[in-house]
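In the form predicted alone, a lone chain appears below as structure tokens.
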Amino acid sequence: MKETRQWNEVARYWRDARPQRLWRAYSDLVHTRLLERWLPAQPASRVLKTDVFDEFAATGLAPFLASRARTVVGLDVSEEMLRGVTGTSSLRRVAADARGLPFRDASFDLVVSNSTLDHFDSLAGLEQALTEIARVLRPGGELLLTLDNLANPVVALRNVLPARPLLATGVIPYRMGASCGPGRLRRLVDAAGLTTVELGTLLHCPRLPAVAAARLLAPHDGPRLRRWFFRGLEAWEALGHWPTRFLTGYFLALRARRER
């Protein structure tokens, strides 16, 4: 399968080079803050995470999810990613594609999908994955989703530029896929049979200089530096409350529910 080969190659590169480790830690922090706000008050019985790249590249979200659920299942098309995950012994790992989930109907209370569904070649893949997620959610279950925000002009420009030069320069660490803006995402979620509860944005700091700064600071990484650096980056998240949030957020953040 083409996607499996591609992500196995990414996993091997990431394992050897360990690029962006400070930036990945910041991404984990921002997504954890989102989960803290949006997770249901009652602990979940079964949670599905739609990829394990975060857990492979850094700490990821699985340890936090494990503190709020009885069972956390981590899905990925890459066997290399699944084998390379460390520090999350309670994570049940399954090799599969989000467009064809190998689970029974209504078998999860919560699905967490952070920047997984924006790596397909077309929006048809995103639609198919959303339909599968809706199928495996129990009535009342929720989806917490982030993906690239095409309403942000920087993201829109990046997605129309040739991928090869961007990969060669390190501007992007792997090939990007199709995504959409807030209005279309809401329509796709509704078409999949889910009800949008909240729709917002995430990651408002200027990404290119932030990633470059993280790369320069990585050799000096430590608790004190992280607190200082992350505090400065998090200050940008205040833009998520502004009317212009869909122009500045690099990710859309959506919470949706299966009503029945």
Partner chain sequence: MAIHPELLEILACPVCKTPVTLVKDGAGLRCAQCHRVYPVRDDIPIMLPEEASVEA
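This one's a predicted model, so the numbers in the text were calculated from it and none came from an experiment. Residue numbers count along the first chain shown, from 1.
This protein has a second form, the form predicted together with the partner chain, left out of what is shown; the following refers to that one.
Within 4.5 Å of the partner chain in the predicted bound form, a heavy atom is found for none of 51, 68 and 110. A single residue from the set 77, 126, 144, 185 has any heavy atom within 4.5 angstroms of the partner chain in the predicted bound form; that residue is 77. Of the stretches 144-152, 118-126, 95-103, 175-183, only 95-103 has residues with a heavy atom within 4.5 Å of the partner chain in the predicted bound form. Shown alone here, residue 82 lies within 4.5 Å of the partner chain in the predicted bound form, counting heavy atoms only. Heavy atoms of residue 158 never reach within 4.5 Å of the partner chain in the predicted bound form, leaving it off the interface. Interface residue remark: residue 46 is counted as part of the site for the partner chain in the predicted bound form, having a heavy atom within 4.5 Å. By the criterion of a heavy atom within 4.5 Å, residue 133 is excluded from the residues contacting the partner chain in the predicted bound form.
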